[in-house]
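Next up is one chain by itself, shown in structure tokens, the form predicted alone.
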Amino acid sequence: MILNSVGIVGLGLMGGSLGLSLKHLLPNTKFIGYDHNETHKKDAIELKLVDKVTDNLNDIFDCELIVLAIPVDGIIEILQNIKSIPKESTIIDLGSTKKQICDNIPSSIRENFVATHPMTGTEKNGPNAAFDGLYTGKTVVLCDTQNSGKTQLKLVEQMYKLLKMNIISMDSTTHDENAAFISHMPHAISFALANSVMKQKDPKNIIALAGGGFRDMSRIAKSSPAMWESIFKQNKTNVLDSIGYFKKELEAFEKLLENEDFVALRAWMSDANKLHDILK
């Protein structure tokens, strides 16, 4: 795979990790970064996530591959403000929602754009959270690929294969419905769990007892509120639907426990165990 230049907007966990990994795999490619945060700019250079940082977005838009690794509302705003790019350039986003992004791509650059969602990440953010290997072995979803140019789609597929990712294709509507269950609702639950503990009289005393289960479930409550506000906003309907299903199951558990119907409660938990037969 040959790439002359890669421009990355957003030098946090996702954008920084992508830059770091691709720099190792494509040593002859020039990597340019852009970020509003001055500290992020400095850190990205010191950590060698990119070769240089620019204050001019046009430097990014001149690149062969343009990566938008910022909150989903920001992705739409940037796309609306792209005046011109080289004809063969490729634009990808790393956003966790896809429908609104795909619906707001200007027709003049639609063939240049490939909507992608790498199903990876951590609860940490910023350039210092970036690491080589974040993408390795993970799944990436490509959405509405029938609207992308053949050249652009081929380049993106080659890039993700180079990163050793598993590629699947899905329409953006289905993606957002599924992501609500597998990613967005779990984050909402984690935020709620953290808040429920923090609102008790002595949260420090409760947390002193915290074991692996609590830490696993509350870990993603450390995720960026700004990023997740944007995701919840764009995928509002699907998130609310998924939370509705979750509430029904929680209410079913509550009723079984109140009625001391422990035989049915055990059966209910056994049904939940079957999920991991699918995950294997």
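Just so we're clear, the structure is a prediction, and the values are computed from it rather than from any experiment. Just count from 1 along the sequence shown to find any residue number.
Same protein, other form: the form predicted together with a further copy of the same chain, not shown, and the subject of what follows.
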{"item": "The unique member of Pro186, Gly133, Gly149, Gly126 whose heavy atoms fall within 4.5 Å of a further copy of the same chain in the predicted bound form", "value": "Pro186"}
{"item": "Stretch in contact, per heavy atom within 4.5 angstroms of a further copy of the same chain in the predicted bound form, of 55-63, 229-237, 39-47, 23-31", "value": "229-237"}
{"item": "Non-hydrogen atom within 4.5 Å of a further copy of the same chain in the predicted bound form for each of Lys199, Asn273 and His276", "value": "yes"}
{"item": "Distance check, Thr145 to a further copy of the same chain in the predicted bound form, heavy atom within 4.5 Å", "value": "no"}
{"item": "a further copy of the same chain contact in the predicted bound form: Cys102, any heavy atom under 4.5 Å", "value": "no"}
{"item": "Partner proximity in the predicted bound form: Val141 to a further copy of the same chain, non-hydrogen atom cutoff 4.5 Å", "value": "yes"}
{"item": "a further copy of the same chain contact in the predicted bound form: Asn112, any heavy atom under 4.5 Å", "value": "no"}
{"item": "Partner contacts for 230-266, taking a further copy of the same chain in the predicted bound form and a 4.5 Å heavy atom cut-off", "value": "Phe232, Lys233, Lys236, Val239, Leu240, Ile243, Tyr245, Phe246, Lys247, Glu249, Leu250, Glu251, Phe253, Glu254, Leu257, Glu258, Glu260, Phe262, Leu265, Arg266"}
